[in-house]
Ligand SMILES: C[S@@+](CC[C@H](N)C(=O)[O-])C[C@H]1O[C@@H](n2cnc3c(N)ncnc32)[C@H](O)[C@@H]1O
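Quick setup: one chain, the form predicted alone, written in structure tokens, and binding and motion questions come after.
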Amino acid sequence: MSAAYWEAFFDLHRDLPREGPGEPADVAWAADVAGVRPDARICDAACGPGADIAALLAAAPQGHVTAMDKVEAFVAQAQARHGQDPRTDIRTGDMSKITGPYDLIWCAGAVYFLGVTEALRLWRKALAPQGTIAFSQPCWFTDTPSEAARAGWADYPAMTDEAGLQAHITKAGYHCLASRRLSDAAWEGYYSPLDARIAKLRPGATGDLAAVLDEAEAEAALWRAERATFGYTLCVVRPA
């Protein structure tokens, strides 16, 4: 992608509350399943603009959250929101190089950049004893997704169904404590603010900006039309 495309992309995504589907209830559920202690050490891997930091701190009020992302613009947003809290360390960083030790590694919607098996294997050395990983991953919910759905996910040919996701977890040497699908509210928590941002930028948009807005509109429309056939599954896993 050209520099102009990425400039337009970040113009669209600037100051959005989230960079993907999710809600505080996801964090609370995962923390409960994992048995997160009040003083837990948590890593928010690929934290984006910091949408989940408050919920992670709520799950471990006497703990500490290290949040990292490769995109400096997102890190700056997260720092503006939560950087004054002494329980946080928000930095630019590569999620493939997490060191730890952490009681919980949280990764919302970004494991697919590394691959499920690969990420879990990389992060094992960063876990404290009895540590857990919670991550959400796109999955097919049907054996017969529509052509439109397949086309929408063409850039991610490794996408599998939930049984395939469990197989990747097992292959990495982990046990899945529990899993659940993200709710419609979690998706709308991302797409509704995105819709509003698109509407604000649409008048007079041309070139790369118009293309970025079109792509985002099409993505949201696809999920709303095909949400029974795909979505994100949130898994809480621990080394076997």
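Residue numbers run from 1 along the displayed sequence. Quick caveat: nothing in here was measured; it's all calculated off a predicted structure.
From this point on, the text means the form predicted in complex with the named molecule, which you will not see here.
Shown alone, this chain has one stretch from 104-112, 138-146, 166-174, 151-159 that lies within 4.5 Å of the named molecule in the model of the complex by heavy atoms: 104-112.
Mapping the unseen interface onto this chain, K70 counts among the residues with a heavy atom inside 4.5 Å of the named molecule in the model of the complex. Contact check for C43: no non-hydrogen atom falls within 4.5 Å of the named molecule in the model of the complex.
The named molecule is not shown here, but in the model of the complex it comes within 4.5 Å of a heavy atom of G93. Within 4.5 Å of any heavy atom of the named molecule in the model of the complex lies no heavy atom of A30.
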